[in-house]
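Before any questions on how it binds or moves, here is one chain, the form predicted on its own, in structure tokens.
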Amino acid sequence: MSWGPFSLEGKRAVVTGGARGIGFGIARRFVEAGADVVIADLDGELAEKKAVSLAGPGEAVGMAADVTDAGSGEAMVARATDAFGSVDILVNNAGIYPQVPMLDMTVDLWDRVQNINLKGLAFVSKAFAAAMVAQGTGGKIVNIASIDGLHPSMVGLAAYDASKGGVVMFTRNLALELGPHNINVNAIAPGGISTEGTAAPLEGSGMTEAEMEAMMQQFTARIPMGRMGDPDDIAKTAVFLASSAADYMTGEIMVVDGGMLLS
């Protein structure tokens, strides 16, 4: 198929947390749209396997990466440039969302959420922005935020909501800084998305399986479109933001939530 103005042919991208869920959905669509992609994930072995599974005009390779490690951004830049010659697109997707009420929150867990979801995203962005500025050919940074960065969805996500609210404002401020370098910085705010890890935040919450199912049904009932989202709903939006179709957009937060915030 022809991707027209949404084509990523000739572009080189890195997707963090790219071996599962939304991240892998984005990597798959990027390769289909013609981009060469580095799938960077904490599970490097899985990232390599997922990279091999992709077929399209673009190519894919995998690597192990922990966004909380100092130098991880530079390592991802190096992997992309070694494999493909340059880097044009960064998707900051890596993140965690444990559900723990603030009254039960520990300092260690709070710091872990912020270090992955916000601090890691910020300093990976710094490394890629520096590489893009040095290349002098512009670039695209797409951050995966959340509707919880705009409005809380449920009790127990205080740490997550704080981190994603930070991602929203970081996106806007970095867009101001990098605009003169022709680097677009935008974010996607997904609503409820069904992935392999959807139930993971509830593990250890003390809820029974029936209670978890009931909660998810109540959550879905609040979505005007009547369904949870799919990773591909976010992936296609990411293709748009990474393509020339979004060349005159920066600092924007695209809500993709089936209308949930309207309710």
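When you see a residue number, it is the position in the sequence shown, counting from 1. Remember, it's a predicted structure, so these values are computed and weren't measured experimentally.
From this point on, the text means the form predicted together with a small molecule, which you will not see here.
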In the predicted bound form, residue 41 touching the small molecule (heavy atom, 4.5 Å): yes
4.5 angstroms heavy atom contact with the small molecule in the predicted bound form for residue 73: no
Distance check, residue 110 to the small molecule in the predicted bound form, heavy atom within 4.5 Å: no
Partner proximity in the predicted bound form: residue 209 to the small molecule, non-hydrogen atom cutoff 4.5 Å: no
The unique member of 232, 66, 213, 45 whose heavy atoms fall within 4.5 Å of the small molecule in the predicted bound form: 66
Residue among 97, 123, 84, 170 with a heavy atom within 4.5 Å of the small molecule in the predicted bound form: 97
Among 145 to 153, 100 to 108, 127 to 135, 179 to 187, the region lying within 4.5 Å of the small molecule in the predicted bound form by heavy atom distance: 145 to 153
